[in-house]
Structures are given as C-alpha cells and as structure tokens.
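A single chain, nothing else alongside it, follows as structure tokens in the form predicted on its own.
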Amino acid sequence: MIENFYIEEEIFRHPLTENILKRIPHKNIELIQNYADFFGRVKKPYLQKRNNLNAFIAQKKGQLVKSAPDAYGLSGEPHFYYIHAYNCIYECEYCYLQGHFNSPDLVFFVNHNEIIAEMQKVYDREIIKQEADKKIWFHAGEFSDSLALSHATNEISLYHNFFEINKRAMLELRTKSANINEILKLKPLPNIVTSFSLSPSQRAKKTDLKTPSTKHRILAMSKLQNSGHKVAIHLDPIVYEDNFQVAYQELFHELDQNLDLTKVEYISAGVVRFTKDVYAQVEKNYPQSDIHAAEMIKSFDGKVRYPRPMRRWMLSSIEDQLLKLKINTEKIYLCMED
C-alpha cells in the first residue's frame, strides 16, 4: 500500500500513469509540478519504508542514458544503463540504495519514449566506433528492480520494440523478482537477457528481505528459458559464512536441476561491498546482521570489502565449482573487482 502518490501535473493523464494508479493500491493522490522539489528534500529513514511509503510519478530529466562503470558487465564491449525508476519494494540488508538517496520512497518515470530516443543516439554513435561483431549493452535495474513492478509500470514492451529493430543492441534486465509475466507476453529476442541475482537459500532468507525466495527465482528462470527467453545469473553479493562453499554447492545443484546451465548467457560473481556512506547506513539499520561478522577494510577503489586474499579465495571457490558444471570460462566474469 502506497500512502501518497505525488504526480507531476504534466503527465497525470499519461496512459502509464493511469496504469500505475490502477495496479498499485494507494490512499491519496496529490498533483505537483516537479518531483525533484519534494523527493529526498527532507531525509527520511530507510527503514521507514516498512510503515509509510510514498511514491512519485514523474518525467526523468537530465542525462537519460549513462556509461556503466568498469567491470559492470562482460568485458570488451561498451556498457550503458538507463534509469526507469528510483528505489525498490524489496529490503535487502546490503542494498546500496539505503545510503544513496535521502528517502526510500519510490519514483516511477513514464517518459520512456524520450529515454529510448536517447538510447538510439547512443547506439548510433557506438555503432560507428565499434567493430562489426561488437554489441552495445544497455542495462536496466541500477536504481530499482527491473521486474518487481513491471505489471504496473508496463514499459518493457516499449524497450522490446527498440531491441527488435536494433540487432546489435543488448538489453539486460536485472532483477531479484519472479514477476516475469510481462516478459512471457513478448516474443523472445536473442538480444534481450533477464539476469537474476541469486544467493543460497538460507542466505537469501537472512538478508534478501521481502524478495521472492531463491527457489521461486530459479523457477522463474526455468520458465523463461523453457519459453525461449535468454537468462543470466548474478552471484552478487557473495557474503562469507562458515558453510560458504557448501551453501554454493547446494545452490549450483539446484540450478543444474532446473536449468540448462550451458545455455545461460553469463554468470557474474561479486563479493559484498559498500561505499563508506552505505556501510555506515547498513551498520545503523541492521546492527545484528551477520554481514558484519567478517573483517572488512577500505579497498582499492575506496569501497569497504573483505581483504583481497579472502575475496580472491571466495571468488576462486565459486569459479572452480562453476567450471566443474562445464560452464564455459568465457561466460564467467568478476563484478566490480580490480
């Protein structure tokens, strides 16, 4: 339940606005001129989302498509991300959003045609620069889960049309959701990949609060793969615990039982990490979390991580297990590591 919907007057009658209001329960509606005058202007505790969550419907201004940081995706090809929303209905203890915005309130952007027009400019520019076999990647899910509320936001079909026309463009939809109905309505395309962030089942119960279980995410992946849609896996963030290796063995066994792992597009692995500000918020919001059980230090890029030897050991353990499952080594990459 959304307490208040704040909607920019200019897009109050927008079809996507109407769909959001129809699909997401709410108490009140208030019209405003510009969401940026209200969203995050007064600091709101992250955990207040449990009791009092507001939402904005707005138009995204400024830079609509941004270059992704190094090690964001498979190396050797350009990566960009676009912003379709801010904040998330889930509550993961390690989520960087708790230290990124001043508010956990949701923001839905509806000017997707403008975002797609900007993607076209980026694509046309990169096509000239890149070799003929190189792909141009666009990612969704940087600041909000790309599928969790897709039945309400209803924009995925718009992006589908863009990627059906632009064959060398690749779309990655990053998610922890099992809400795949909007994708199943669409024709599978070779250049659209839905990637699922996964943790071992018990780890997800501890830290991936309010998300679908690992089991349900894997079943969603299986349904997509069996329907001809491409899927990928993010083992991120990996959190150390005493039975770390056994827990991932069990996860990989479950994946192997439900998916054709040889047809998974790629698998990324990344150890839990935080900016200094986000780590301070995690310590404040979840002081009893076992995320704090192992030593963390300031790392090569200023982020707080496990010490390098520990990270390397954990990532090597994951990679060894994947190779035993006959995963092509070229499909495995390390996320946000030097």
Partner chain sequence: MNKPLLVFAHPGEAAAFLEQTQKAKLDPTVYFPPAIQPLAGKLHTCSRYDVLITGEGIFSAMNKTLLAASQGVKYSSIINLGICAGLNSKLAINDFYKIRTVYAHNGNAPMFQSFPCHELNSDSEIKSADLMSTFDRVLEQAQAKELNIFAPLVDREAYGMAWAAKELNIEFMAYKLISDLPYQNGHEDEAQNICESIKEQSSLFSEKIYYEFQSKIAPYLDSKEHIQSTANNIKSDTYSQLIQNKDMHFTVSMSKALGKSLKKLELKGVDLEKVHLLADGLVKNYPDWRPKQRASELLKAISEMLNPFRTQLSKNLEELINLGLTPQIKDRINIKWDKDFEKRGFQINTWIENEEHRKQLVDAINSIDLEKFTQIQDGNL
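Numbering follows the first chain given and starts at 1. Values in this document were obtained by computation on a predicted structure and should not be read as measured data.
There is another form of this protein, the form predicted together with the partner chain, and it is not shown here; the text below is about that form.
Proximity of residue 66 to the partner chain in the predicted complex: non-hydrogen atoms within 4.5 Å are absent; the residue sits far from the partner. Within this chain, residue 296 lines the site of the partner chain in the predicted complex, having a heavy atom no more than 4.5 Å away. The closest non-hydrogen atom of residue 120 lies beyond 4.5 Å of the partner chain in the predicted complex. For the chain shown alone, residue 102 is a contact residue for the partner chain in the predicted complex, at least one non-hydrogen atom being within 4.5 angstroms.
Residues 62, 77 and 329 are none of them found to lie within 4.5 Å of the partner chain in the predicted complex, as judged by heavy atom distances.
Residues of 38-66 placing a heavy atom within 4.5 Å of the partner chain in the predicted complex, in sequence order: 38, 40, 41, 42, 43, 44, 45, 48, 51, 52.
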